[in-house]
Every structure is written in C-alpha cells, then in structure tokens.
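Only one chain is given next, in structure tokens, and it is the form predicted on its own.
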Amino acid sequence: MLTEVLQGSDSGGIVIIRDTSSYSGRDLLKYCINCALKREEDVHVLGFEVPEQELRSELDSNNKHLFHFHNAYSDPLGWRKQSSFTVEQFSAENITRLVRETKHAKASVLVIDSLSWIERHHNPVAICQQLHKLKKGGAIRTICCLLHMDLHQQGIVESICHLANTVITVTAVNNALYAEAKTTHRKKSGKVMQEEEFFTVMENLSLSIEKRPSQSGHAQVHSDAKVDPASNLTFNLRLSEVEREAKEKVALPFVFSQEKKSALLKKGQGSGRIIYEPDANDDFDEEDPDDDLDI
C-alpha cells in the first residue's frame, strides 16, 4: 500500500510522513516528489530544513523544470529579507498565490519540509485551518508533509494527522538496511486501511518493499502454519478413533431416540377409567360455600 499511496494511484488529499530522530522520513519524502515529477505534475516545496540542492539531487532529470523550491531554509524567520518564503507567511492565501504563479494551470503538489518548523511558530489550530483551506481550495491536489513527531506533544501530532487522508509512520528496525512503515489510509468511501511494510529507498530514489527483513538483510516469508495450543500440554486433549466412536455411541439422557418415542406414543390394548368416590368432608353446598366453617 505504501507504493500505491506515494505513486499517486489513489492520489489527492493530505499525506503526512511521521518520523523521529532515530530514522528520518526525508528519503521517503523525496521519493514522493520524484513520483509526482514522473507524473508531470508541478511540485512546490516549502523548504525549511534542507537546502534546495539536497532535495534536487537524484530527482527525475526529464522533469526538473516542474520542481519549484520556495526557499525558507536560508532565512526562515525573514530577519535578513533573503528568503522567498518565511514561516510567518504560512497561510492558504500566500501558498495559493505562489502555486498559481507557475505556467501550468492544473492542480499541483505541495510539499512541506517540515510541519515541525511551522508548528513551532504557529498555533496548531491555525495550522489545521490553513491545511483544510488548501485541501479544499482547488489549486493544490495533494499536500505531502514531513512531521517530526518526537518534537511535539502526542495530542498535537494526532490533531494534525486527523486531517490527513494518509499517515505514514516510519521507524528504524534492528537491521540498518530497512525501516518499518505503518500506513493508515482513509479512502473516499470512508473505509480505513492499515498495513505494515518494511522498505528501503535506494540511491536512485527507487523504493524496495520487503515482507520482513532478517538480520542478514534478506526477506523472510511470513509463515502461515497454525500453532497448535495443545501440543505442549501434560495431559491429552485429543481423542483416538476408538474413543471417538465410543463417545458417539453413548446415548444422551435427555435426547429421545426413535425407540423411546415409539414406546411413549404407542397406544395400549385397553382403556383406563378414573373412579372417584366423594368423602363426607368433600360435601360442598353451592348455596352456602362457608357451611363447613365453625362460625
């Protein structure tokens, strides 16, 4: 599912890549940029954390003219007036204006590297509002963001990720060749899909997906064999064929067999009568029902 989401087969909406200091999600972000360029879409990057040259390296050379880097790295706060974009300019109106300045009229892809920089200088509620406006504005088809979740409180991270259609959480594993990606994708129908995959981003920005890496770096196939819970018990829970046949022959006490039903429903040869002889104490006067009382 990781490949389908980043390659744009189910494109649109907001994609958030969450990482930590133990593993950076920037390689996955660059893979997302490269996939958009191969689809011949304009990509606008709000770059706060790395220079343009680092993001441009290894991108698709045939469509690098579609890559637009809005420099917020050299002067993110605008103190020296040297940046084309600052953190204070983060708003749906300013970003839409930047996107529409390009020659191509079709909807573009917006990449924010990273939301953590913006969250340090803006209220989380305001960030969610601006992202929602960008999502509904029409000028931007997909918003792909990088978020360092170990720099923020868990509630803030979850509030921002609640807007996203896709949340990809990347973590390091014991094997340095691979990382784990936990993808939560919400379709337009409302169905939520989750999947865990092991991946690595190659130097040429190709993505390799593995089932489960071993310590040697080779993929391990998940075993489908079921575990027998009764295999290590000190007593036997299984029945042999002889015991099973004997058990099936035992008649249950409250289950009527055909023979019992026939015996109970069979009519007798003679007919029975009930003879009742009233006793003196059974005398009952309908006119005086209290006649037997000593009053």
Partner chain sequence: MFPELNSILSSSPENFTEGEFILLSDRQADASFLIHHYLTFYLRARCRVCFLGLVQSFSHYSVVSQRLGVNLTQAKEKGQLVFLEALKASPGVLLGDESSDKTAALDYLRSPCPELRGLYEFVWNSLSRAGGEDAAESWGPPVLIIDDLSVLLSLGVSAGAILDFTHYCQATICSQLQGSMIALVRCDDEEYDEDEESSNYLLKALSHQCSLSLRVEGLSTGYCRDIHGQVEIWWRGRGMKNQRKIFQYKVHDKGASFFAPGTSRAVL
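Since the model is a prediction, treat every value here as computed from it, not as a measurement. Numbering follows the first chain given and starts at 1.
We do not show the form predicted in complex with the partner chain, though everything after this point is about it.
In the predicted bound form, the partner chain sits within 4.5 Å of a heavy atom belonging to R26. Within 4.5 Å of some heavy atom of the partner chain in the predicted bound form lies at least one heavy atom of D75. The shortest heavy atom separation between H122 and the partner chain in the predicted bound form exceeds 4.5 Å.
Although the partner is absent here, R141 lies well away from the partner chain in the predicted bound form, with no heavy atom inside 4.5 Å. A heavy atom within 4.5 Å of the partner chain in the predicted bound form is found for one listed residue only; from I209, L98, L151, A107, this is L151.
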